[in-house]
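Given as structure tokens, the chain that follows is alone and in the form predicted alone.
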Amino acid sequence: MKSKSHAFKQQAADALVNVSLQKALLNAKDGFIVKRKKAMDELPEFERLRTKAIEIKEHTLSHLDQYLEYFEQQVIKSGGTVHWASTTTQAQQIIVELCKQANARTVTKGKSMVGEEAAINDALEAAGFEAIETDLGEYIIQLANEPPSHIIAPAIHKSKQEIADLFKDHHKKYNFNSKLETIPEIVNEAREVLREKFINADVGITGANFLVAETGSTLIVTNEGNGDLTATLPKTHIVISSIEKVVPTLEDTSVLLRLLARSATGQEITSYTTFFNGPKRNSDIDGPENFHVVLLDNGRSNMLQNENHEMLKCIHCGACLNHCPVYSAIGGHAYGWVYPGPMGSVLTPIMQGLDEAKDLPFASTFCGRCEEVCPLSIPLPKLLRQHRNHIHHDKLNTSRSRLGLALWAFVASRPALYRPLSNSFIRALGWLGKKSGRFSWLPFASAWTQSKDLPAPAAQSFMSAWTQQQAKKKSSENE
């Protein structure tokens, strides 16, 4: 997927006036939040599990090379092959070549954010393969020719009517002409269309929520079962995963699993939790004849050594998106690349460059909810603040903003100057806004006032009022 992060401001503005999107976001707003809270309330050992999970990830990242090598050894023992891709281009080349070796025509795909990151569908289609997304949400946005807008609910921005219209347009070739009016009707029609795709697929591609070094297993969690069909029916199963997904043992995996579904969808565990261990054995009833794992780096090795390493703990649950006031107002497409929300505002500048995504670190109120709900307590506000510092240091922000910050720093670092100036400014605003109680326009604050009014401040600052109160208190004590 080509990044459009450079156009974040315009895309966010468009999202705010998109009536259909705003309605869809409103309908979805509380669902994830309420379900997560209920799931956490029913898990009294949540904080203990969170602490353990952080320890597991920190230990694994400190020995990542060893666990990746051990994982590869175990995959080979089970009859599979591991392929190493430094870049997304290499990942594309590896997967296209594997599909050619399989003499494939049709490729089914389970939902994979790393697959989106590497633009696997584009590479497959350019090479002449038919690539079909089998997760219902991913299938919907594939028909719409759109990227996912959420990492666990990719079509969350679509209304029921929009989906029905898409199916009507695209399913005519399969002789489906009924007017779909209910969600069960939509699901059943998708199931009938995809059933033939599953049966006829030559290659199946899935992602991986975790890679288990101890056993060489790849693991996916789904609620539809499409991942299982994608992995077991074709003769060749390809797993694409990023390198930080590896976990030392099955016991460690169970700790992370107990946090993942609760944080993502509010479930104790997803409907399907499936481990894959190499190709079909002689005693197996079904399964692929060939098993390949493509491990993508794409800059993650560099992250291990720098201030962004804590982002590698992310298990892609989506909790930070669900609780973010910015994401809930504009949706995922405004962010312009694969990863939206707070985690995307950190990851996209790392992977696409600060120059491309310089507005994303500012897509935050710094309310701290993202860090609070993150099952790994990733300090997302701190990481966003680091990006902002680099943007200012590298002069990627405007000269006007740099001048404003310089003036603010000069005044704010001098209390003897700051206090009288701020008091005078507040008194002036209080006097000017006394009649209406608000401002619909202010110089240097148009980004705020163009979409909302700014309440007029009180005629006296808190600091000034507190100082006067303390002086009166001291005076009364001396009397």
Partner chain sequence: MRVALFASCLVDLFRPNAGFATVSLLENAGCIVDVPPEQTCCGQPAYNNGDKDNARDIAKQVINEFSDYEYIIVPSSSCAGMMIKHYPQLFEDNAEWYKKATDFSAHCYDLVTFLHDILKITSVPVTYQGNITYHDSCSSLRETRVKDKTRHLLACNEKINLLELGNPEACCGFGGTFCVKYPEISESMVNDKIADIEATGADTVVSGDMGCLLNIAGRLKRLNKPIKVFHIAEVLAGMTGIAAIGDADDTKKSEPSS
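Just so you know, these numbers come straight off a predicted model, no measurement behind them. Residue numbers count along the first chain shown, from 1. Throughout, rigid core stands for the largest set of C-alpha atoms superposing within 1.5 Å between the two forms.
Beyond the structure shown, there is the form predicted in complex with the partner chain, which is absent from this document and is the topic of what follows.
S.K.: Taking a heavy atom within 4.5 Å as contact, would all three of Val326, Pro415 and Asp453 count as contacting the partner chain in the model of the complex?
M.R.: Checking in the model of the complex: Val326, Pro415 and Asp453 are all within 4.5 Å of the partner chain.
S.K.: Is Thr449 one of the residues lying within 4.5 Å of the partner chain in the model of the complex, judged by heavy atom distances?
M.R.: Close contact exists here: in the model of the complex, Thr449 approaches the partner chain to within 4.5 Å, heavy atoms only.
S.K.: Using the partner position in the model of the complex, report whether Lys9 sits within 4.5 Å of the partner chain, counting heavy atoms only.
M.R.: Lys9: yes, in contact with the partner chain in the model of the complex.
S.K.: Mark Ser20 yes when one of its heavy atoms lies within 4.5 Å of a heavy atom of the partner chain in the model of the complex, and no otherwise.
M.R.: Judged by the heavy-atom cut-off of 4.5 Å, Ser20 is well away from the partner chain in the model of the complex.
S.K.: Please run the contact check for Ile56 against the partner chain in the model of the complex: heavy atoms, 4.5 angstroms, yes or no?
M.R.: Ile56: no contact with the partner chain in the model of the complex.
S.K.: Counting non-hydrogen atoms within 4.5 angstroms of the partner chain in the model of the complex, say which of Ile183, Ile199, Leu405, Ile76 makes the cut.
M.R.: Checking each option against the partner chain in the model of the complex, the one that comes within 4.5 Å is Leu405.
S.K.: So the partner chain isn't shown here. In the model of the complex, which residue out of Ser422, Gln66, Asn27, Thr51 has a non-hydrogen atom within 4.5 Å of it?
M.R.: Looking at Ser422, Gln66, Asn27, Thr51 one by one, just Ser422 meets the 4.5 Å heavy-atom criterion.
S.K.: Which among 114-122, 206-214, 359-367, 260-268 is in contact with the partner chain in the model of the complex, heavy atoms within 4.5 angstroms?
M.R.: Going through the listed ranges, the match is 359-367.
S.K.: At a 4.5 angstroms cut-off on non-hydrogen atoms, which residues of 248-275 are near the partner chain in the model of the complex? List them in order.
M.R.: Heavy-atom contacts within 4.5 Å come from no residue here.
S.K.: Tell me, please, whether between this form and the one not shown the C-alpha of Phe439 is shifted by 2 Å or more, with the rigid core used for superposition.
M.R.: Yes, Phe439 moves 2 Å or more.
S.K.: Aligned on the rigid core, do the two forms place the Cα of Pro44 2 Å or more apart, comparing between this form and the one not shown?
M.R.: Comparing forms between this form and the one not shown, the Pro44 CA shifts below 2 Å.
S.K.: Once the two forms are fit on the core, has Thr467 moved its CA by at least 2 Å between this form and the one not shown?
M.R.: Thr467 C-alpha, core-superposed: shift of 2 Å or more.
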